[in-house]
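Only one chain is shown below, in structure tokens, and it's the form predicted on its own.
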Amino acid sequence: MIAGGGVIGTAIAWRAALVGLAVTLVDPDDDADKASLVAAGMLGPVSESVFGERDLLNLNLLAISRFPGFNAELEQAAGQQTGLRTEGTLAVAYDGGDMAALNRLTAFRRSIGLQARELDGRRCRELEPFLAPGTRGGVLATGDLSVDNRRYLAALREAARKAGVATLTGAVTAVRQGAGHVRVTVSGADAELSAPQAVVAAGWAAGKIDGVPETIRKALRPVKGQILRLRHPRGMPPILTHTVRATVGGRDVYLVPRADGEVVVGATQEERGDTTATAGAVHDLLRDAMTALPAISELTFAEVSVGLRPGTQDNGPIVGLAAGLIIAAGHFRNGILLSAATADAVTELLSGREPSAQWLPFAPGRLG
């Protein structure tokens, strides 16, 4: 039994079914706050690496090495395309302070062996002609990828269905250890479910499930993110080919192109648990996006969406055994990137084996 039907839970369900396990996926079927559906789909271990998160970087590098092969298998199994893009991420800056901060990060990334190529403003605009004339410079991370998160989740759901995964609509409210099995309470179900093993992959909502160890419940929190989707008018050529991460007056904004002409702009990071879109967030995201790429103003406004990322105390995921359960939660901003590697790790645990060593720092036991 797997609690949670976002990219993490669904990826685990598909891979577990492929190794011959009988899998039931339990999900509320309510996409209102599902982080998987409002993500930008950036797979950026290089461009998102920061000081002090070496263990997370090592895990992300494992994840990016696994993702292309996993995605190819997924597209074949589902018969659907996920919109994987391989052009890389172009990080750009617009004033001296922003450029100095970007240079410090670039020096750090190089010191730990990451590939990052510095570019002046002219070269940045050669790569992306619609960047603002005031672009001071940038850094190209060629190892970064991106995927259309909504197509990716749809493909996972279809692959899981074809692999024989059973689905049950409802929210898991409690898990209890029995004699050789786990008793699972599902809202709206007539009776408890029973399963030999249970995986809790319910994102931030895993913290609301009775029976999940208290240390894990306390570590998880919802982090609100608002994201915009813009579209090219009919006949207008694409204005962007790379994912662009811009630093504008110390604020970060990213722009991610899609194969269908859509451009995703994001994202806020708010310590809140509501899913209400706000005018201020839309204003701030559009202001910074148009500073970086003025031609954005010619696109049509298609959507503002809100999701709740599963944050943790140290920004790292929680994956491993705890109190007879397998926990796979707390992926925060890296859920899409880590989905394939998490599915591998949990499938290993379900089969009685140890996952890759890069997961050791993210075991539930680290929480105390």
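Start at 1 and count along the sequence shown; that's the residue number. Fair warning: this is a prediction, and the values are worked out from it, not measured in the lab.
Another form exists, predicted together with a further copy of the same chain; not displayed. Remarks below refer to it.
- Contact check for I296: a heavy atom falls within 4.5 Å of a further copy of the same chain in the predicted bound form.
- Although the partner is absent here, T173 lies well away from a further copy of the same chain in the predicted bound form, with no heavy atom inside 4.5 Å.
- Contact check for A93: every heavy atom lies farther than 4.5 Å from a further copy of the same chain in the predicted bound form.
- Mapping the unseen interface onto this chain, P238 falls outside it, with no heavy atom inside 4.5 Å of a further copy of the same chain in the predicted bound form.
- Contact with a further copy of the same chain in the predicted bound form holds for all three of T276, R287 and T300, each having a heavy atom within 4.5 Å.
- Of the residues P196, G280, G79, P129, just one reaches a further copy of the same chain in the predicted bound form with a heavy atom at 4.5 Å or closer; this is G280.
- Interface residue among A322, L37, L57, V304, judged by heavy atoms within 4.5 Å of a further copy of the same chain in the predicted bound form: V304.
- From the list 288-296, 104-112, 148-156, 203-211, the contact stretch for a further copy of the same chain in the predicted bound form under a 4.5 Å heavy atom rule is 288-296.
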